[in-house]
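The chain that follows stands alone, in the form predicted on its own, written as C-alpha cells.
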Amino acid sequence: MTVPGELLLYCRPGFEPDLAAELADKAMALGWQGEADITPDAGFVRFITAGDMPANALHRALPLASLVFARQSLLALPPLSLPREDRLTPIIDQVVASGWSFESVWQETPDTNEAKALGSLIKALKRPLESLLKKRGALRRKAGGRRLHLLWSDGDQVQLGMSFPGNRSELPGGIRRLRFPHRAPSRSTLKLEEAWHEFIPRDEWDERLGEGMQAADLGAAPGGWTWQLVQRGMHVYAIDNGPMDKGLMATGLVEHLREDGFVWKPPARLDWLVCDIVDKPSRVVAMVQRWLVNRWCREAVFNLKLPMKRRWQEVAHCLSGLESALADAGVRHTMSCRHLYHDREEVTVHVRLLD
C-alpha cells in the first residue's frame, strides 16, 4: 500500500508563492518539515513532507478552512506522466497500489486558460475511468464520503488526490461562481456575497443577516456592498465622499454620509460593519480594530489590499496584530481569512464578536 507523502492544494494562478509560504510557516509551527513544489501561474502547489513522514496527519492538522490562499486541499500521490495511447492504466494501477477507496470521482483542471482545453478529454475519460475503478473495487457506495480528485495539468499529466468530508471544498476546483445581479451598482457586490457563503452557514442567514438589522459600509460608493445589505432588508449607513447609486438611495434603507470612513463613528452598536476601502492593509486593520475593541458592531467583513510581493507575510502580520489587540482588550471573537474567487489582489477577513 502506498503511503501518501504530499498535499496538493489549488489556488488562484499567480499566488503559488504565497500559498507555499503560508504552508511552510504553518507546517513548521506544527512541527512538520517539508518543501513546496511550485510552478509559476500553475494554479496549484504540491507540499511534500520530509523523509518518510505520511502526510495524512498534516492534512488533518491544516484544515482547509484555516488556510488563506488555498481553494482546495487534498492528500495526494505523486504526479503521473501518461502515455497518450493508454492514459487509464497508470491511473488505475496507482489507485490500486494506494489502497484507496472512495464514493465519487472528480476530474478537475487548474483555473488557467490553457487547462480549459482539456474539457473534452476529461469528458471522454469519465465513463471508462469510473467503470474500471468500480471493477477494481475502489469506487464503491460506502467509503466514508471520500472523493478521488484527478487534477489534469496537461493531456498527459495528472495528479491524484483524496478529499475528506469536513475538510474540503464541495465546489469543483474550490471555486464559487456567482451570477452578477444586473441591478447591482458594481461587480464588487460579488465579493461580499461570496464572503457570506464562505463564512456564514446558510441556515444562519436569517438570524445573522436579517431584515431590520443595521450596518455600516465604509468606502461605500457607488454601492456594490451596500446593495447586498439592502437586499437582506438592512438599514445601511453608507460612508463615502463619492456618489451613491440612485436606485439604492430610492429604497429608503440607505443614509449616505459624505464623511471619512477611517474616522466616522456609529451612533449606536450596529449588527454589521463592511469595508472594501482601497488603502494600506495596516491602515484598514487599525480602523477595524478600533471598531471591534469598542464593540461598535457584532460582525465585520473587510478586505485587505495586498502588495505585489510578500503577500502572505503581510496577511500574517495584519491578522496576528489584530488577534493580539482583541485578546489584550478581552474581546472574545472568531476570525477567518480567505482569498476568495471574486477577490484579486486582496483577501477577505470575517470577524464575529461573541459577546
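From a predicted model like this one, the values you see are computed outputs, not experimental measurements. For every residue, the number given is its place in the sequence shown, counted from 1.
Although not depicted, the form predicted together with a small molecule is the subject of the following passage.
Next item on the list: Quick one: find which of 120 to 128, 201 to 209, 97 to 105, 239 to 247 has residues within 4.5 Å of the small molecule in the model of the complex by heavy atom distance.
Entry: Careful reading of the contacts points to 239 to 247.
Notebook entry, point to check: Any chance Gly223 has a heavy atom within 4.5 Å of the small molecule in the model of the complex?
Noted result: Within the cut-off, so yes.
Margin query: Since only the chain is shown here, I'm wondering whether Thr189 would be in contact with the small molecule in the model of the complex (any heavy atom pair within 4.5 Å).
Written below: Yes, Thr189 lies within 4.5 Å of the small molecule in the model of the complex.
Margin query: Considering non-hydrogen atoms and a 4.5 Å limit, does the small molecule approach Phe180 in the model of the complex?
Written below: No.
Checklist line | 4.5 Å heavy atom contact, Pro110 to the small molecule in the model of the complex | finding: Contact with the small molecule, no.
Checklist line | The unique member of Asp154, Glu259, Asp93, Glu255 whose heavy atoms fall within 4.5 Å of the small molecule in the model of the complex | finding: Residue within 4.5 Å of the partner: Glu259.
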